[in-house]
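Heads up, the chain below is alone and in the form predicted on its own; it's given as structure tokens.
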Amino acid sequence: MSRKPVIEFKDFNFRYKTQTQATLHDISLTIYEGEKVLLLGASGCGKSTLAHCVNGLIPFSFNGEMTGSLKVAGEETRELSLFQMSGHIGTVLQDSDAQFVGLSVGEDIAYALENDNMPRSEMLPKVYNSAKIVDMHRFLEQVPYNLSGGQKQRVALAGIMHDDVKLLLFDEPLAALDPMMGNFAIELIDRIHQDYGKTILIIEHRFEDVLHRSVDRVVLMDDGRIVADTTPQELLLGSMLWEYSIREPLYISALKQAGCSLQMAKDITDVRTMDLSPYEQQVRTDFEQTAVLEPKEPGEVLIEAENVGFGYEQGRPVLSDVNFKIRRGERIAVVGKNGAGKSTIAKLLCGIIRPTEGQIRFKGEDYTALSIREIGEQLGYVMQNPNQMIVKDMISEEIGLGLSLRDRPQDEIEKSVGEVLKMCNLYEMRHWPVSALSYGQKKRVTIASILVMNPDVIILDEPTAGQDYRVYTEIMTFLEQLNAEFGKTILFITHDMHLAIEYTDRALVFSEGTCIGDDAVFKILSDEDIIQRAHLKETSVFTLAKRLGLPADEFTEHFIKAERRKRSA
């Protein structure tokens, strides 16, 4: 029996009203009942615009010109109202906060039913059942904004589960979640697909994370066009991932690193189940023959936290008994689940808040006597979103702003700004408006505006969040250069285990307000107890090592150092 189409694009084009060129070109795509499809692509490829066409935000919220045909459940979308579209398509937004309308979880889940004037006697069991499907039935009285990122996402999903929608659309479902909650989200989506027969469309650029559970098809986009509509297996075997700035799974990189040819493999989409017997000896030999690099000599201690505690309210500690040291030239990942205390630690180090217990020392001296301004000359903080930091229109003015506010002489400002512009590969753009820059270039401008103060330590909050592999690599290569050539100590507050593996030497792991791990990254990501407690996740390199009977921590170290040698070659 043939399946019915749910979504049908045919020769479809779209141009935003404010643009001269089309964003989507010649889109022909059919998604069938019961399919689970991943829409994959780098930032700016057009996947979000295509999603907005599917759920009706185009044309009802974003004006523009459409040509060609787009049918939802057999009806042309031009002939449907937004209300009618919402009866066919349920959307879980990347920013769950933007989706809440109720004052409690129960109210929010009930919103669509209330709009339909459903009697309360019918509504209450429906709300409870929808909440139970996503395991949120115990939180019906909670305020949505007090929930974790993963819980918010589940509430948003429950709110669209009442209706018999034809398709559930998930827009960047992993963006705000810690690694373990990201896995749970993918598992929940898969369970709803399996148990309720829902058609699923996932929009993501994190290919490996989505493959935690199988998908039927992958639609790859670039420059507003569909460049591939294929299976995960075919995509992994080909070269299109690298061509279109999508990171390949770590276990695939590890097998290739050992010289394994995967072309004849039957199924390489899941490291937990794939047949590894053809590659076992080759991987083992490569592991045993490769020399491990000597560790770097530790630098001087720049920052020391000793028995640090802090609470925003008396009697309710957010951090307790936190101890760690930060040395010159280190690259440190600060990791842990949402709400573990990572952002509070960053605020403490910057001096925005001060410890209620214990002590933080800068170069051996208690920093309590230092003002935020004085601390800022030793330690710089770069926010996740560069648009929240930039206040000037021109690049040179933005980078020099901190020095201007400190009344430095103009010739000193120009000299320092010029040096930093060259350091950040922005000198040729020094007279450009900031608005002309890409996201990655804006990120460099915000880092430059901190560097011009010549701090010893830089803290970056989720530096690669939401970025495709090309921009990610651009940002991280630049930061790696700052560390290697200029000796800058860098702390990354991150959920990205790939970043921790590839670009840091050490990890500080937070859980329930305390530091539960302080060790080399390869040891942290090979410790199953820490992984569980901190809501991290077992990397696919770790899984590969376990399945091959190799020591997981040593194999992870081997992989990390080989990747670094490859980058520096």
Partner chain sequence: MNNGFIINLIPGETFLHKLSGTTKVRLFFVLIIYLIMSFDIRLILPVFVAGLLGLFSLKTDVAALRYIIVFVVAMNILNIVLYYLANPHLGELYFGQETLWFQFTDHYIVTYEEVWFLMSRLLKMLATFLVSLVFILSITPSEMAAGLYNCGIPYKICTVVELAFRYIPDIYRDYQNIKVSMQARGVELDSRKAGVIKRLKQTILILIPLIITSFDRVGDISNAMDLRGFGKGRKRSYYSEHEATADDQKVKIVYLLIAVFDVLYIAAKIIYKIPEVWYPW
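Positions refer to the first chain, counted from 1. By rigid core we mean the largest C-alpha set that fits within 1.5 Å across both forms. Computed from a predicted model, the values in this text were never measured in an experiment.
Note that the form predicted in complex with its partner chain isn't included here; everything after this is about it.
*Asks:* Honest question, do Ser48, Ile268 and Thr285 all end up within 4.5 Å of its partner chain in the model of the complex by heavy atom distance?
*Replies:* So, no: the whole triplet misses its partner chain.
*Asks:* Heavy atoms within 4.5 Å of its partner chain in the model of the complex: does Ala520 have any?
*Replies:* Contact with its partner chain, no.
*Asks:* Going by a heavy atom distance of 4.5 Å, is Leu421 a contact of its partner chain in the model of the complex?
*Replies:* Because no heavy atom of Leu421 falls inside 4.5 Å of its partner chain in the model of the complex, the answer is no.
*Asks:* I'd like to know if Gly106 sits close to its partner chain in the model of the complex, meaning any non-hydrogen atom pair within 4.5 angstroms.
*Replies:* Contact with its partner chain, yes.
*Asks:* Whether Ala110 contacts its partner chain in the model of the complex should be assessed with a 4.5 Å heavy atom distance threshold; does it?
*Replies:* Contact check for Ala110: yes, within 4.5 Å of its partner chain in the model of the complex.
*Asks:* Which of Val457, Ala228, Met118, Met180 has a heavy atom within 4.5 Å of its partner chain in the model of the complex?
*Replies:* Comparing distances to its partner chain in the model of the complex, the residue within 4.5 Å is Met118.
*Asks:* Give me the residue from Ala175, Leu482, Met123, Ile133 that has a heavy atom within 4.5 Å of its partner chain in the model of the complex.
*Replies:* Flagged contact: Met123.
*Asks:* The chain here is shown without its partner chain. Which stretch in 444-452, 333-341, 186-194, 257-265 comes within 4.5 angstroms of it in the model of the complex, by heavy atom distance?
*Replies:* Single hit among the candidates: 444-452.
*Asks:* Within 373-404, which residues have a heavy atom closer than or equal to 4.5 Å from its partner chain in the model of the complex?
*Replies:* Contacts from 373-404: Arg373, Gly376, Met383, Asn385, Asn387, Gln388, Met389, Ile390, Val391, Lys392, Glu398, Leu401, Gly402.
*Asks:* After a core superposition, would you say Tyr312 shifts its C-alpha by at least 2 Å between this form and the one not shown?
*Replies:* Yes, Tyr312 moves 2 Å or more.
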